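Given as structure tokens, the chain that follows is alone and in the form predicted alone.
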């Protein structure tokens, strides 16, 4: 009888606790929005929705590159077998580097958006909208940074081992679970903060 992988099961349980954490953040956001509708109406008008949509598309696309990296890891193919321009021959490392770059672009975009909002006098302590915005998006941004570090560790491990095996592939799969989770949470945040203004 095949027993489930302990690392994968542990990751899924941990992600369950993360769901509860973000559910709490959503609850805070909705509660504050419900108590200050006029503030929300005025402050959300400042948000740059096309820019937020652009970085959202980049982050969602990174889920696809992460999954292609997982497919390569499952084939036990850590690195490319053709030229760099032959995407079909990329290994896990190349797909994970692409994912890392897109995740980093998302974080840079978020930092740029924060700088823009601060210049518009919307800060963490300005009012309840500022607090709700920065706490929800900030904690998500920290989770993205955690994912980027995890990708670097997996890439480094692929170079460090003499033989890429099922243990390394499982690590890649587990990191992809986390990354997909972070992407899904952002889609929820994007809809709540930028679309359902």
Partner chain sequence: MKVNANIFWLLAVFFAVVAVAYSIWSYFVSLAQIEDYAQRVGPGGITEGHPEWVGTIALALCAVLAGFIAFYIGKVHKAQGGELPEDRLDANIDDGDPELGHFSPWSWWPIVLAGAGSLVMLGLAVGVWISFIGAALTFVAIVGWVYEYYRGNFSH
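Predicted, not measured: the structure shown is a model, and the values here were computed from it. Residue numbers count along the first chain shown, from 1.
Omitted here: the form predicted in complex with the partner chain. The next part is about that form.
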| Three-residue site 47, 53 and 82 fully in contact with the partner chain in the predicted complex at 4.5 Å by heavy atom | no
| task | Determine whether any heavy atom of residue 8 comes within 4.5 Å of a heavy atom of the partner chain in the predicted complex, and answer yes or no. | result | yes
| message | Please determine whether residue 187 contacts the partner chain in the predicted complex, using a 4.5 Å cut-off between heavy atoms. | response | no
| message | Test of understanding: in the predicted complex, would residue 42 fall inside 4.5 Å of the partner chain by heavy atoms? | response | no
| message | Even though the partner isn't displayed, in the predicted complex is residue 57 close enough to the partner chain, meaning a heavy atom within 4.5 Å? | response | no
| query | Which of these stretches, 124 to 132, 57 to 65, 139 to 147, 163 to 171, has heavy atoms within 4.5 Å of the partner chain in the predicted complex? | reply | 163 to 171
| note | Restricting to 4 to 18, the residues within 4.5 Å of the partner chain in the predicted complex through any heavy atom are 4, 6, 8, 9, 12, 13, 15, 16, 17
